[in-house]
Structures are given as C-alpha cells and as structure tokens.
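This document starts with one chain, in the form predicted on its own, laid out as structure tokens.
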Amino acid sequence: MMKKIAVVGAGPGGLAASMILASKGYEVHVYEKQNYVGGRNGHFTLGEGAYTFDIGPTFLSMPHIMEEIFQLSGRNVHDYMDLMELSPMYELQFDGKRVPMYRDRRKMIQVIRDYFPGNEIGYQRFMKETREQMEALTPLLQTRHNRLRDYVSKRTLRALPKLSLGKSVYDVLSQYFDDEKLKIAFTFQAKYLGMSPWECPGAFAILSYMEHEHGVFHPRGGVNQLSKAMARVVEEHGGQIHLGQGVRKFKLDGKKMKALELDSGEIVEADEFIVNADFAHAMNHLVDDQELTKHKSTHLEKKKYSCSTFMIYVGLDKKYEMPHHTIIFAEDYKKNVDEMTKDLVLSDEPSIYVHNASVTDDSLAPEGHSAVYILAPVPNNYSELDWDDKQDLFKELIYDELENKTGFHDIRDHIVAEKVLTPKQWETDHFVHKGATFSLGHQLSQMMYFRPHNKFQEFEHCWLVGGGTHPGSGLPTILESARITTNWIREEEVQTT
C-alpha cells in the first residue's frame, strides 16, 4: 500500500511535489489556509471580477523545467497553459530613455550598439562564459545538499571555479561591461532574490543569462495559471486539495512527525509530511520552540532575509500602450538599493516595476481597460516601518514617479479599482516572515548545505519544498526543490522495502 503524504501549503512547490507523488500512486492530501491555490503564485480579482491580477510572480523563465515537472507527472504542460514568449522581454528606463531587452541575439547586440556602444563583445563573451558556468552549476542546483562531505565530490570541485567566490553579481558583470547602466541591466535580477547586486553572490549572474538564453514567457490568464494547472493534475491523479483548511500545529512524537493539527482542530495523520509554508513563519508558528534545535526563534532572528515589496494592483478604464514589463530605475540606483537592504528606510526615489499585461493578454481586463500591477522593492519588517502611517504617502510617491517618468502620465485619472499590499500585509495576510517576500537571503552562508535541507534536519518524516529550502526562491528553483524532495522520498521508500 502506497504511503499517505500530507502537504502543508498549496504554493507552487507543494503543488509540484503533490502532482509528482500523486502520479506515482501516493495518497496525497494538500492543506491550504487560503481559499485559493498558489500562495504567492495565486491570483485575485478587483472591480467585481473585471480585473485579474497575479499576486506575486508575473513571468515564467526556464520553461523547460516546468515541462519536465509535468512530464514526471505524466502530463504535457502545454495541454493546460497557453504560453506566449515576450519580445522584448522587458523595457528598462534610465533617465527617461527606454531600452528594450531581447532574447534574440542580433536584436540585443543592436540595442547595445545603440545605447551602450563598445559593449557588444562583452555581451557575447558574457553569454558564452556564463553558459559554461550554468552547465557547471546546474548539477549543484538539481542535487540534494545534506552532507558537508559532498563539497569535496568531483562534481562540486569542478563547479567551484565557476562560483565566482568572493565576487558579487555586480563584480562579475563589471568584467564584461564598462557602462554603469548596462551593468544594472544585467544585475537588477538580484532583486528576484530580494538582494542587492553589490552583495548577491557572483554565481547568480546566471539569473540574467537564464532570461537572455531561455526567454521570458506570459501564460494567458497570468502566471497563476501554473498553480491552477498543477492543482488540476494533482486531482486528476486522485490527490485531494483541502482549501480553507490551514495547519495550526505539527504533532510530534519526540523527533518523529506524526500528524497535523488543522485550524479546525482536526488531526490529520500521514506517513510523510511536506512543508511548503514560508519556512521561518512555519518554524515560528507551527512548532513549539522547545521542539527545535537548529531553527529556534532565536536562531532564525540571526538569519538574513530578503527585502519586501510594496504592491499596487489597479484596474484602469484606459489601455496603455506601454510594454508588458517596464522597470524604472532610480537615478541613484545603488543608493536606492542600499536604503532597501542596509539602511532599512524608504527611498525618496524608489525603483519601480510595472506589469502591464493587458497589452498582451485581453483576458485580464475588459476591452479598452487595463489591469496594471505595480511593485516597488522596500525594506522588510525588520525595519519596523509604520506602514499604517506611510502607506498612502508612499503610494502617491509611486504614482508621481509613474506620471512624471513614463507613459502612464495620467494613471490616477483612470482608476476604477485599486488594492495596496504592504510588507505588513505580506506578513499578516500571506503569512510571510517579516514580509520578506523572497524568503531567506541567498548569501553563500545560507545556500546549499547551509540552507534548510529538503529532508528537514529537525524531524523524521518531514520534508521541505519552496523558496526557504535548497536550491532557493524563484519559480524555476522552487520547482527544482519539489523534484529533489520527491525523488528523495521515493528513493528512501525503495531502500526500506
């Protein structure tokens, strides 16, 4: 008889693990506190359902990983989702100049020739050398890291020279480009990890390479369609997803995880447990501190966490012919990043990301209207900023920046529906520790072996998926975490039978 698996959280990591295991015959039950699947990869609507928004991620990269996860589950992802590649991938705005960025090499070289002349060869060298780095690092990202002795394996020793140890992402890109704005164009992706390019480990130069090599994609209906598709596959294979049934506590027998206590008081027993909740939140709220050794609240307070995000989701009675993705950089970008990650104060001139998906996808808003998603990276809640006091002023600052610097010059005149989400709400409404939307930081001291293990060190029969475990945050790596964890669960079962 196949094991019963209880999964805490229906985020993308939990859903990916669930559909793989359900497809192999396991009895899978997913318990989700919210009334929708996806967690931060879910969606909501405004204006009586007229405007649809992704909550968090707004694009897909490395689509082959998603394809492989569905293949492991006996399915073709393209039967469930309509993927559109974006060209340009996004548009970057510096000092009023709009710079499109392309996957197509010839177009990208022409952009560099037009805006950053003299850096064309550096771009070609970056793509060639980072491809070699990616080939060396991929096995490390796809493999469990639970033993320190793995660091002297042939695979790891071959990869070490490619890790750019001692260098930041900014340092690495400075080896290829001499224009400061072009360096920013290839290093801002450190924000996907909630980190500064001047602090993010140099190995993460692969983030911009991944986009330029594999492209950026939009699924019709939004990136939330990935979670919905995975949920369908779980149920097609007989798995059950219990929405609105959050987990209150882990029930332990010594160091063995035995059951979940739901918010309703129901006790759910299982053979194995997969935790897809925000890691630090789970350790602080679902486990009694005395039951932990390495991950007590006092230990978690010493960890480093990502930045947070200030969100405005707005339905507009106008369609803006702006790009699908626009990123507006503060004039002093380093100052803005330092304020967000070091000084923990709000910037007078924030950098802003705008997702204007209605120009690509007419399913998100009524004809002639737009569903626009606006994000400004801000400090997490270790800053102790009073968002009740600052929310409205900061929102107006963001609108000012958009109206003064972009084609959204009259955006406030066309608002039909609006929702604001601050770091406070990320913590209270979405159960993200300190509102750190990209989870634990990705410093080398918190990567691979030094990140919470996929087979959780503290309890038997307890496994982790999601951004708080290896290999890290971001949808492709979260899917990899599910592949690592499920392979390990199946391998252990074979060894014990």
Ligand SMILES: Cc1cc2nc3c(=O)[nH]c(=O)nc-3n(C[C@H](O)[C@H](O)[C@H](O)COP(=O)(O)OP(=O)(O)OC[C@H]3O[C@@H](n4cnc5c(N)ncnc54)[C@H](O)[C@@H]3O)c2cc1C
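Counting begins at 1, following the sequence as shown. What you are looking at is a predicted structure, and each value in this text was computed from that prediction instead of being measured.
If you look for the form predicted in complex with this ligand, you will not find it shown, but the lines that follow are about it.
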**Q.** in the predicted bound form, A6 touching this ligand (heavy atom, 4.5 Å)
**A.** no
Q: Answer yes if any heavy atom of A205 is within 4.5 Å of a heavy atom of this ligand in the predicted bound form; otherwise answer no.
A: no
Q. Is N356 one of the residues lying within 4.5 Å of this ligand in the predicted bound form, judged by heavy atom distances?
A. no
Q. Quick one: does Y373 come within 4.5 Å of this ligand in the predicted bound form, counting heavy atoms only?
A. yes
**Q.** Which of 440 to 448, 43 to 51, 467 to 475, 63 to 71 lines the interface with this ligand in the predicted bound form (heavy atom within 4.5 Å)
**A.** 467 to 475
Q: Check each residue of 38 to 74 against this ligand in the predicted bound form and list those with a heavy atom within 4.5 Å, in sequence order.
A: G38, G39, R40, N41, I55, G56, P57, T58, F59
